[in-house]
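Single chain ahead, by itself, as structure tokens, in the form predicted alone.
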Amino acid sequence: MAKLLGSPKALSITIVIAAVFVVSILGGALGNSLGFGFLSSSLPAIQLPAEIVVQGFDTPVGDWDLMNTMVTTWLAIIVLAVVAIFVRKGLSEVPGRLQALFELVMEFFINLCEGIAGPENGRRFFPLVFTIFIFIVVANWMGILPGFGTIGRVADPSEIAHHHGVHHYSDPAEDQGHQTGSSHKKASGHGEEHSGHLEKVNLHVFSGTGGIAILQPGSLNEEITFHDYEEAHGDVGEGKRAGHLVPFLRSANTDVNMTLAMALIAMVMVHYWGLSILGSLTHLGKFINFKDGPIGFFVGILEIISEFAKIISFTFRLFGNIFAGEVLLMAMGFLLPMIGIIPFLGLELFVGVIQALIFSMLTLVFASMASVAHGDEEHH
């Protein structure tokens, strides 16, 4: 304590940290119960499926919706392409810092692939393994940037009711001015009929009527229930609207379709390499085996089941970890804005790399296993 008081610099840092901590507590959802909460906004509506950013594109194969995870997937690909072009143009015999970093990472993965699969197969597996790694890392790290989950469009009450299973909900705000009193009563009655589905759902009140909405700090109390919204006939104030924020940007790997697609690509390539290296009869013989009797046949069935289990494991390991991390960041930003989210940002950076490494290394291991015949496994 004496050392702290004797060092003005250390004392100033301590006071600043304590002040930020106090402001974070009072400004968050915890301080809202005491009448503060000036920094906290409502929690975004958390849902497993990706949200629709733009609905109803006409394509030759039918209607197509633009999802927010598609947008971030394309952004991750663009970032990787721009970085690759930038590094390629700046190649020199005396590498700069960026070139040296990429050479170090690529050399690590090449040596790792060759050490696990051998020089020839390691070089063959390297492009897919390294592509999976860098894509997952970039997509995961982009998910913690400002604007993800906080900027988007507003889903109106009719769309929200539809998501909760009420497919014929009539929005009072849309009915007001062009419905008779009896018809409005009928619409409200329909809402009451399905009140069990919507009574626990709150609507956030957004300022402005444009196409873009933001979850602003200090807007935690700007909420209204479906019941109160209907009682007010959809009138939440001049220049305001009620609904849920549908973010334009959401981490790509929080969409189970994205992780499933990568899992399918990885396993299809694993079996392609198995077929091309061992030949069709040898590779398929691992799964369809009549030579070793009933035991060999059932072992082959178990091998087939394990291949499908690998796809499921690939898919939900990455999806579960990244989605849980996103929810954790939302919760900490809701409870303790500013200081509460900082340690978890570092944790998410670490988890993003670890999950990318696990996915790519399992792809490499499975490919190495597929390139070895059953009779050679003990030797290898």
Partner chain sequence: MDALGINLPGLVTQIISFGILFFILSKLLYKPLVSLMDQRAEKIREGLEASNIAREEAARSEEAIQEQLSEARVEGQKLVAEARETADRFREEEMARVRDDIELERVRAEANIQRERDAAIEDLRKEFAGLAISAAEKVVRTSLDEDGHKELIESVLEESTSGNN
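None of these values were measured; they are calculated from a predicted model. Numbering follows the first chain given and starts at 1.
If you look for the form predicted together with its partner chain, you will not find it shown, but the lines that follow are about it.
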Requested in this report: Tell me, out of T131, N202, Q216, S158, which residue has a non-hydrogen atom within 4.5 angstroms of its partner chain in the predicted bound form.
Outcome: T131
Requested in this report: With its partner chain left out of view, choose which of P95, G285, G118, G234 has a non-hydrogen atom within 4.5 angstroms of it in the predicted bound form.
Outcome: P95
Query raised in the report: Mind checking whether each of M67, V87 and E107 has a heavy atom within 4.5 Å of its partner chain in the predicted bound form?
Result: yes
Requested in this report: Just one of 144-152, 277-285, 256-264, 297-305 has residues with a heavy atom within 4.5 Å of its partner chain in the predicted bound form, so point it out.
Outcome: 256-264
Report task. Answer for P49 alone: is it within 4.5 Å of its partner chain in the predicted bound form, judged on heavy atom distances? Result -> yes
**Report entry** I77: touches its partner chain in the predicted bound form, heavy atom cutoff 4.5 angstroms
**Finding:** yes
Query raised in the report: Is the gap between T73 and its partner chain in the predicted bound form 4.5 Å or less for some heavy atom pair?
Result: yes
**Report entry** Contact flag, F316 vs its partner chain in the predicted bound form, heavy atom cut 4.5 Å
**Finding:** yes
